[in-house]
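Take a look at this one chain, the form predicted alone, written out in structure tokens.
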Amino acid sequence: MLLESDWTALWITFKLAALTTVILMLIGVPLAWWLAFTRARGRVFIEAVVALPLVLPPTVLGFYLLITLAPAGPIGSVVTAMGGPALAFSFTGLVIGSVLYSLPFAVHPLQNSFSAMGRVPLEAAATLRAGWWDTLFTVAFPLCRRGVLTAITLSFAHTVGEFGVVLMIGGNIPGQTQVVSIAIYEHVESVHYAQAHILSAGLLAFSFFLLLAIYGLNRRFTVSQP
């Protein structure tokens, strides 16, 4: 049986994953579009920054986020001076850390899809005087639906499985910043293996069926394409 604290950790985890995914799509779509079609010299630098969380240890990113968002940090001090809430060890801090850590999992599938689409459909839409938003929703998204779906799924799943970043920036505050991965670690430390097994098995099944669904849909999209 799951404890009440475990249900709370599950709710915080999925709320964090859903909010992070929405923010990542709002940020990732224009960023991926720019990376796919720009010829600017700074593109390589931006690509390296976006991909950095793929090779950077999560605790390193979490440590610098903690320093930056702490009340005495460069961003935390400004927010505090303006009467804003504390960012470190808060749900808001978890969201910021999750967005940065999962950014490449949203941008890379979108960028690859936009690049594969090419400029020809965009030029055809431009001849019909379609605006950027119209082109994005009526041309790009339908043609790049596999990439969009992959970006959404990977962003959500990767956020659910986070540990190092959320532990560093959010700590382990039950009911506020304790997510499932941290709850599992706490159960193992307390030698409550039954509780840890239930949560771990649940996440394992969730991750497997989520990936199964995305691969199935991608295969269906591939077969349905002329």
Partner chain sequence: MSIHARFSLARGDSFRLTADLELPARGVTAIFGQSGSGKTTLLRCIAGLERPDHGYLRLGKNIWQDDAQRIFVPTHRRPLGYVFQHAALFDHLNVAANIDYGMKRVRSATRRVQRDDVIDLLGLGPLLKLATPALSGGERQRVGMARALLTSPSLLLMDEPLAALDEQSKRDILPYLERLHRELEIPVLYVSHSVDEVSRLADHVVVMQDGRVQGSGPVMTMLSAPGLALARDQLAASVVEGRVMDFDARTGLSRLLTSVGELHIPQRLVSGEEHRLRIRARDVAIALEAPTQTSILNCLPVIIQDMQPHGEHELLLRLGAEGRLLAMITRYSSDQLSLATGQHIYALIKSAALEA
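Nothing here was measured: the structure is a model prediction, and the numbers come from that model. Numbering follows the first chain given and starts at 1.
Just so you know, the form predicted together with its partner chain exists too; it's not on screen, but the next bit is about it.
Handout entry: Options 73 to 81, 103 to 111, 87 to 95, 143 to 151; stretch whose heavy atom lies within 4.5 Å of its partner chain in the predicted complex
Key = That would be 143 to 151.
Practice task
Tell me, yes or no, whether Ala116 is in contact with its partner chain in the predicted complex, where a contact means a heavy atom of each within 4.5 Å.
Solution key: No - in the predicted complex, heavy atoms of Ala116 and its partner chain never come within 4.5 Å of each other.
Practice task
Please check if Val99 has a heavy atom lying within 4.5 Å of any heavy atom of its partner chain in the predicted complex.
Solution key: Outside the cut-off, so no.
Practice task
May I ask you to list the residues of 103 to 127 that have any heavy atom within 4.5 angstroms of its partner chain in the predicted complex, in sequence order?
Solution key: Counting only heavy atoms within 4.5 Å of its partner chain in the predicted complex, the contacting residues of 103 to 127 are Val120, Pro121, Glu123, Ala124, Ala125, Ala126, Thr127.
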